[in-house]
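Okay, so here's just one chain, in C-alpha coordinates, the form predicted on its own.
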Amino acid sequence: MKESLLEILCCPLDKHELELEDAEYETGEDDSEEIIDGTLVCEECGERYPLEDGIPNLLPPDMREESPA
(Lines give C-alpha, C1' and ligand atoms only; values in the text may rest on other atoms or scores of the structure.)
Protein backbone atom coordinates (compact mmCIF):
# COMPACT_ATOMS: atom_id res chain seq x y z
CA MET A 1 0.00 0.00 0.00
CA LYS A 2 1.34 3.43 -0.85
CA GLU A 3 1.74 5.65 2.21
CA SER A 4 -0.14 8.45 0.41
CA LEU A 5 -3.31 6.35 0.70
CA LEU A 6 -3.34 7.15 4.44
CA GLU A 7 -4.50 10.66 3.52
CA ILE A 8 -7.86 9.38 2.23
CA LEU A 9 -8.48 6.37 4.50
CA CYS A 10 -10.68 6.85 7.56
CA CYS A 11 -12.19 4.71 10.30
CA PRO A 12 -15.34 3.01 8.95
CA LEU A 13 -16.97 3.29 12.38
CA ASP A 14 -16.61 7.02 13.14
CA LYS A 15 -14.91 8.48 10.03
CA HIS A 16 -11.89 9.84 11.93
CA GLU A 17 -8.30 9.67 10.71
CA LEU A 18 -6.21 6.50 10.96
CA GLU A 19 -2.65 6.40 12.24
CA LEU A 20 -0.13 3.80 11.07
CA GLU A 21 1.68 1.72 13.73
CA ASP A 22 4.29 -1.05 13.53
CA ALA A 23 4.74 -0.58 9.78
CA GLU A 24 6.96 -2.81 7.67
CA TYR A 25 8.07 -1.44 4.31
CA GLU A 26 9.20 -3.02 1.06
CA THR A 27 10.74 -1.37 -1.99
CA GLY A 28 8.40 -1.63 -4.98
CA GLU A 29 9.26 -2.15 -8.63
CA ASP A 30 9.47 1.62 -9.19
CA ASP A 31 11.89 1.99 -6.23
CA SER A 32 9.18 3.54 -4.04
CA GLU A 33 8.57 2.22 -0.55
CA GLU A 34 5.26 0.50 0.08
CA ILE A 35 3.72 -0.55 3.39
CA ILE A 36 3.36 -4.33 3.47
CA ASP A 37 2.37 -4.95 7.09
CA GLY A 38 1.26 -2.92 10.08
CA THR A 39 -1.77 -1.70 11.96
CA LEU A 40 -4.05 1.24 11.28
CA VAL A 41 -5.41 2.78 14.49
CA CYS A 42 -8.33 5.21 14.71
CA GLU A 43 -7.22 8.40 16.46
CA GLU A 44 -10.67 8.86 18.02
CA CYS A 45 -12.15 5.48 19.00
CA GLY A 46 -8.89 3.47 19.14
CA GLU A 47 -10.17 0.63 16.92
CA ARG A 48 -7.33 -1.28 15.25
CA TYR A 49 -7.32 -2.50 11.65
CA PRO A 50 -4.70 -4.93 10.35
CA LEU A 51 -2.69 -4.24 7.22
CA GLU A 52 -1.36 -7.50 5.74
CA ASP A 53 0.42 -8.09 2.45
CA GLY A 54 -0.15 -4.44 1.56
CA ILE A 55 -3.94 -4.66 1.98
CA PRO A 56 -5.76 -2.82 4.78
CA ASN A 57 -8.66 -4.76 6.31
CA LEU A 58 -11.21 -2.07 7.19
CA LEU A 59 -14.07 -4.39 8.01
CA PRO A 60 -15.79 -3.61 11.31
CA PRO A 61 -14.45 -5.84 14.12
CA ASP A 62 -17.57 -8.01 14.34
CA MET A 63 -17.33 -8.87 10.62
CA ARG A 64 -13.58 -9.42 10.48
CA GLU A 65 -13.55 -12.93 11.99
CA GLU A 66 -16.20 -14.21 9.56
CA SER A 67 -14.37 -13.21 6.38
CA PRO A 68 -12.34 -15.93 4.62
CA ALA A 69 -8.58 -15.46 4.46
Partner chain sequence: MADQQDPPATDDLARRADVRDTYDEIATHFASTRAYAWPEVESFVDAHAASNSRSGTRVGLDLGCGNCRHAELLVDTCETVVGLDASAGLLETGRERARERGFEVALCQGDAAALPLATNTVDIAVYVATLHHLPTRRARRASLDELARVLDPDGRALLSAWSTAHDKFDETDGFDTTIEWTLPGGEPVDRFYHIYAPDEFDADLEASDLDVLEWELSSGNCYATVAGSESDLSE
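Numbering follows the first chain given and starts at 1. On a predicted model such as this, the values are computed, not experimentally measured, just so you know.
We do not show the form predicted in complex with the partner chain, though everything after this point is about it.
For the chain shown alone, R48 is not a contact residue for the partner chain in the model of the complex, no non-hydrogen atom being within 4.5 angstroms. When contacts are judged by a 4.5 Å heavy atom cut-off, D31 does not count as touching the partner chain in the model of the complex. The partner chain is not drawn, but in the model of the complex it has no heavy atom within 4.5 Å of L20.
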